[in-house]
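So this first bit is one chain, no partners, the form predicted on its own, shown in structure tokens.
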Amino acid sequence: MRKLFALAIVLVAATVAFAAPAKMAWYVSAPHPYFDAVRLGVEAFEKDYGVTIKKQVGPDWNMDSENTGVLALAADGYNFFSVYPSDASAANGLYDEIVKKGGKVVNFGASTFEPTPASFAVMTDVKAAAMKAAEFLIGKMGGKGTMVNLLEVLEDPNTKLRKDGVAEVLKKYPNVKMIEVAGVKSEQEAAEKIEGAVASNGGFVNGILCTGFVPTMALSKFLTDYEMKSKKHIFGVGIDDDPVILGAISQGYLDATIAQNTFGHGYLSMLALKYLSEGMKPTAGKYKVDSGVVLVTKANVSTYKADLTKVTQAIKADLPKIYLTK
């Protein structure tokens, strides 16, 4: 009898814990155009499911700031978090505190180092995307010449993956010389470094690759001005789909960009949290949710968004079937 009574208490306690209200929060490291795009997906999720998400933007890319911000939200009762990790290693310590208290964390946009307390990482396969961009650019260059690889902030956990992906592609092209420039934090700095790289090589740069949003914005403007003045074309490939970038592609100054599924990063990470809050569990071996990319060129600049929408809808349908279990 005592055993049955004890079991009943355990079951009731488990039910009470399970029924605790889910308070969901979306936390990003610092102001950035990428996060503005992701936010649109979060807001669409709110509208579709009738829930309110606490949306908070941190002051910088420092992990101490992220610890302070997320833990303050947890102290206010938030227990389900969609987070962009400021540090791929140190964020695991923060997540561990959340999970030990019964909460859940889903990474979006970047992954923490595995093993990780995070349930999922909804993100672009950034290494594969960088490799796709590099292959396309080198193809435009005819497999030879000088290429500038302009990387964004080194603190971003995605930067090393992009750097490694480009280096892997270059192993196949011995006739391509690469000039690597890293640590770009502003559009002005990116513009200066692009101009410096071209000038230091006497103008003999055949292609420029940017795997971050800020450098791509600078590249779009640089290539437009450069070709209009010199009547010479430098092949260029970037990332993301700001109107400035798309305009440069439409006019033929920029050759391509990798469009990330930023809407999906926001929408799908929140949807995964919703399922977790309802008691579903991550499927073993299904931690990374590849949100997909589309290579945008002049040929599909007006239609690529439909392709990304199809990807989001397909993953939305797959989440409770493939990525989660009851």
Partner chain sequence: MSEQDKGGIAGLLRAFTRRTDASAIVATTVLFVLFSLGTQNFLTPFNQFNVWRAASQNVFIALGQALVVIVGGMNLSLGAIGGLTVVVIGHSIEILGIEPWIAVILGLATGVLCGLFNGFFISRFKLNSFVVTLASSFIFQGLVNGISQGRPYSKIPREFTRLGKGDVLGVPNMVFLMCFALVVVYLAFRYSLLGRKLLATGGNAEAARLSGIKTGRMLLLANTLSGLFASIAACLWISRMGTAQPATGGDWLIVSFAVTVIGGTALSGGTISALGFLFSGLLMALLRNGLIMLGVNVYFESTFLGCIILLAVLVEWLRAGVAGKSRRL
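Please read all numbers here as calculations on a predicted model, not as lab measurements. Under this definition, the rigid core comprises the largest set of C-alpha atoms superposing within 1.5 Å between the forms. Positions refer to the first chain, counted from 1.
Missing here is the form predicted in complex with its partner chain; even so, the following discussion is about that form.
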For this chain shown on its own, do Q56, D64 and A72 all sit within 4.5 Å of its partner chain in the predicted bound form, going by heavy atoms? yes
Of the candidate stretches 48-56, 255-263, 289-297, 268-276, the one with residues having heavy atoms within 4.5 Å of its partner chain in the predicted bound form is 48-56
Within 4.5 Å, heavy atoms only: does D87 come near its partner chain in the predicted bound form? yes
I'd like to know if D225 sits close to its partner chain in the predicted bound form, meaning any non-hydrogen atom pair within 4.5 angstroms. no
Is P243 a contact residue for its partner chain in the predicted bound form, using a 4.5 Å heavy atom cut-off? no
Its partner chain contact in the predicted bound form: D96, any heavy atom under 4.5 Å: yes
Using a 4.5 Å heavy atom cut-off, which residue among E180, D164, E195, D76 comes into contact with its partner chain in the predicted bound form? D76
Taking 4.5 Å between heavy atoms as the contact cutoff, choose which of K144, K172, H233, K101 touches its partner chain in the predicted bound form. K101
Once the two forms are fit on the core, has E227 moved its CA by at least 2 Å between the shown form and the other one? no
Taking the rigid core as the reference frame, tell me whether E189 has a CA displacement of 2 angstroms or more between the shown form and the other one. yes
